[in-house]
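We begin with a single chain expressed as structure tokens, specifically the form predicted alone.
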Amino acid sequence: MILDEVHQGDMLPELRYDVTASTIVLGAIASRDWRPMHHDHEFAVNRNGTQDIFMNTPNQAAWFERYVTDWTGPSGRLGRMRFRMLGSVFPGDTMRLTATVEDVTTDDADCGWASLLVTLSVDGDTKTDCSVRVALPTSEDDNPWKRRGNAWQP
């Protein structure tokens, strides 16, 4: 994908994913999060008072990164990501990731940027909002991954 192909207001393709207990437990293991609310149903329900184990923060971050880089392809390079969790994601939920392009710019180093608002929802209820700034090539011979020093200002 090249920056000229992206416009403010564009909608990214939706990603739906059926969450299982394995999705949640493997995400916790991968991020070395041993807290029991992410793998122990009895602890989550009886000690935390939640309906089940739930997805941890790094796991959600990984889903946002996957969603954005699936859209950009291999030349997209994440610059910044900030999100706010509003609710939990449980086994049995179907996550729905959607995004809108909020801005398209080129910085002082001629690096192209797309700013996105990504939403993770379950059954129409927003669970997490995520703001992402991702670098995109400005031409066929540009590669944000080759930028260093002053040429990379995330």
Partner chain sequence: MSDARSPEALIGTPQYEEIGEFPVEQGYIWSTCSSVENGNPLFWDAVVADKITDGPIAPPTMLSVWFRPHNWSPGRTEPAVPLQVHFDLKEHFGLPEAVISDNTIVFHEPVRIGDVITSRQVLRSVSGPKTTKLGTGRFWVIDVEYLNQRGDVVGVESYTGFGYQRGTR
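Residue numbers count along the first chain shown, from 1. Note that the structure is a prediction, hence the values are computed from the model and not measured.
What follows is about the form predicted in complex with the partner chain, which we do not show.
J.: Of the listed stretches (40 to 48, 99 to 107, 58 to 66, 116 to 124), which one has a non-hydrogen atom within 4.5 Å of the partner chain in the predicted complex?
T.: Of the options, only 58 to 66 has residues within 4.5 Å of the partner.
J.: Does the partner chain get within 4.5 angstroms of any non-hydrogen atom of Ser88 in the predicted complex?
T.: No - in the predicted complex, heavy atoms of Ser88 and the partner chain never come within 4.5 Å of each other.
J.: Is Gly27 close enough to the partner chain in the predicted complex to count, meaning some heavy atom within 4.5 Å?
T.: Result yes; Gly27 sits at the interface with the partner chain in the predicted complex.
J.: Does the partner chain get within 4.5 angstroms of any non-hydrogen atom of Asn143 in the predicted complex?
T.: Asn143: contacts the partner chain in the predicted complex.
J.: Judged by heavy atom distances of 4.5 Å or less, which residues of 65 to 86 approach the partner chain in the predicted complex?
T.: Heavy-atom contacts to the partner chain in the predicted complex: Glu65, Arg66, Thr69, Pro74, Ser75, Arg77, Leu78, Gly79, Arg80, Met81, Arg82, Phe83.
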